[in-house]
Every structure is written in structure tokens, then in C-alpha cells.
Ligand code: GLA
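In the form predicted alone, a lone chain appears below as C-alpha cells.
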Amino acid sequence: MKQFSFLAAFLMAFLIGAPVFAQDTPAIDKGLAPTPPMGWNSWNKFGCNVNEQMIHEMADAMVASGMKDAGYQYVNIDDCWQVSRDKNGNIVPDPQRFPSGMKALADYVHAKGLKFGVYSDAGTKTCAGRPGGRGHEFQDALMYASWGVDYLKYDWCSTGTQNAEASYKTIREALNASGRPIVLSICEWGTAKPWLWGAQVGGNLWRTTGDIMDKWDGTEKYSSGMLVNLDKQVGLESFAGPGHWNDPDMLEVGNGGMTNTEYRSHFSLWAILAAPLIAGNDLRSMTPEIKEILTNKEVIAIDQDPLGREGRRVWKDGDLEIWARPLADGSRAVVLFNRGTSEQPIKVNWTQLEYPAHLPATVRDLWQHKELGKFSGEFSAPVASHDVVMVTVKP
């Protein structure tokens, strides 16, 4: 009987053209970035001034500073590590700046218990005019895999009439074909609305904005201040989740263009957004205050919450705002945010958090690291200029 059933199934499959022994084989990109990636990238502080020794020192500092223990994993080189292609079309790292080669550099980072990332571009040239990946996607992916790359940031300069969705689908297919699991960071600046297709093509995070700059507000030619990038996240929260994240660009915390209060707000808001936490400062010379911001494990836990629900702005009145997100344990994370120039009280009602108004709940301050007590229906706190009060509300 079993033999007959198998034969019948075989014939039926043959007749309808179905694969007899087909089984779902998970793509190699599945399971990557279950929480927003955390790490460091060279661009915001150093631009093109990258070299082997500096990357060694950043990896050392990530461990020594406690950032690794706080959850940071990736050490990523941005643009300007590559100088040309050889006669076979292989990408060539700068031999003066990286004399030991990229595999040795990746090995050094891995030996620290960290992961290694590089940068390229979907066009013919990178944004700094170095060789891009166009036409070399599968060749480059094999090279990255042979080096031990764990993360690829893929930019969008010199792309002409290329289709963004197709271009990023190609590089993801190339990374998968390399046989190595590599996180794909889509750096398309939000122009073609990558939140609509990024997950479908295998992107693990996608930029929703142009480049961030180390300022509280304002816009320059290609860059915007923190508030501009924050505002562009409104309405995008439904597109993010485990393995695929909205990316309002890297952190500027510690680079000197904002106050420590503003950096605390920047970090808190990126955490409530479930944004990637990619530091961009000099890890070797952090002040204690900057280190405290970047390694606040209670705030990081919000960013890394396994439910993976991006926070949203639930209330706004002029310069005063409330951002909130649900957490895996049923509690809520809340940021009371004051953009204004003077201290103001901000009150969050439980109904804004989708809780019953009468519910008693414990409120904990994540920057003071202390329980504030039990509250029913609402919680209010004074919030200083350009500052936040970040709490959890737990029934």
C-alpha cells in the first residue's frame, strides 16, 4: 500500500510538473539581525581617513570600554578602503593603509569576539569615487566571504538609471551565493522607499533618510540634523521587525556637535525606534559621560527587545512629544521628549499606551536606574530643554 501511494504521488507530481522531493531550504539571509544591529562605523568621525591600525584600536577599545559587553558586535569600515580592481576584476584594498590585507584584519576583529563589516556601492563608483560594485556583485561577494566579512553596507552613488529594488536584490543573491551569512545594510537614503521592498529583497536594514550630521536640527546639501531624521520615521513603524529594520542612520553620540543632553535624547529616541545602534565616535577617547550614554544597558535593552516592534510618536503638542513601543513582556517603553528651549512637564496617559485607564503599573526611569513607584492611569514628569525622560511602564 505504501509503495502504491508513493508511486501514485510520483506520477501525480510528474503529470502536474511538481518537484517530487522538493523541500523548503531556508535562504542564507534568513535569521540575520533578529534584533537591530549594534556596532561601530568609521564614517561619521573619520571619513576617508581609515587604516588598519585604527581599526585594530577601535576593536580593542570596543572590548576595553565595555561596549562589547553592552551588546555592540560589528566593527565596520566605511568608504575609502578600496583603491582599484586588478586585471581579473577583483577589488583591491589600499595596500598602504591596509598592508596586512582584509582577511588578516577580519581575523583580528574576530579574535576579539566581534564581527567585521565593509562598505561598497551599488553603482560604478562609491560616494568617494572608489570602485563600486556594479557588474561585480557575485565576484565581490565571494571575495568578502573569503575575507570573513559579516556585514555589508551598500551605498547608492553613481547609479544612473539603475533600479534600486533590482540592484539590492542582486547583491543579496550574490551574498547568499557566497555561502557566508552577511548582514545587508541598504544605504539608498530612502529615495525609492526601501521600506516597501527592502525585506522582500533580503535587506536586513535600510536607510530611511539622507546622511545624519552631528547637529540637533537643520539640513545641509546631503545631510540633516538628528531631529530631521527622527521626524522622517513617523508612519514607517509597521515596516520594521526582526530581521528587517528601518535605519535613520548612524549615531553621532560623542562627536562634539551636540551637548551630552542632546546625545542622551538621540540615543534614547533611536532605542525607542528599534533603530540600529551603530556608534560613529572615536571609541579610544570617550569621556565618561559619552561612555555612560552608549553603554546604558537598560536603554539598549529597549532597542534590542525581542518583540521587535518599532516605537511610534503617540502624542505631539508643539515642542513636546511622547514616543512609545510595546515590549515582549507586555510592558511599554516610553520617551517623554522636549524639543523646546525651557523645561516643561509632559504627561503620558495609559490610554496612549493602549492600556486601560485604571490599570496600576510600575514606572522605572532608565537613565536614573530606579523605580519611581506605582501609578494608575497616567505618569507625568518635568523634562528639561532638549532632554528626555525615558521610562518603562509595567502592569
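All residue numbers refer to positions in the sequence shown, first residue = 1. All figures in this text were calculated on a predicted structure; none of them were measured in a lab.
The next section is about a form of this same protein that is not shown, the form predicted together with this ligand.
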property: Site check 325, 361 and 375: each within 4.5 Å of this ligand in the model of the complex by heavy atom; result: no
property: is_contact(residue 79, this ligand) in the model of the complex, heavy atom dist at most 4.5 Å; result: yes
property: is_contact(residue 142, this ligand) in the model of the complex, heavy atom dist at most 4.5 Å; result: no
property: Contact label in the model of the complex: residue 175 to this ligand, heavy atom within 4.5 Å; result: no
property: Distance check, residue 217 to this ligand in the model of the complex, heavy atom within 4.5 Å; result: no
property: In the model of the complex, the residue from 310, 282, 211, 165 that sits within 4.5 Å of this ligand by heavy atoms; result: 211
property: Contact assignment for this ligand in the model of the complex, among 105, 230, 149, 250, heavy atom within 4.5 Å; result: 250
property: One stretch from 290-298, 123-131, 237-245, 95-103 that, in the model of the complex, holds residues within 4.5 Å of this ligand by heavy atom; result: 123-131
property: Within 4.5 Å of this ligand in the model of the complex: residues from 321-336 (heavy atom criterion); result: none
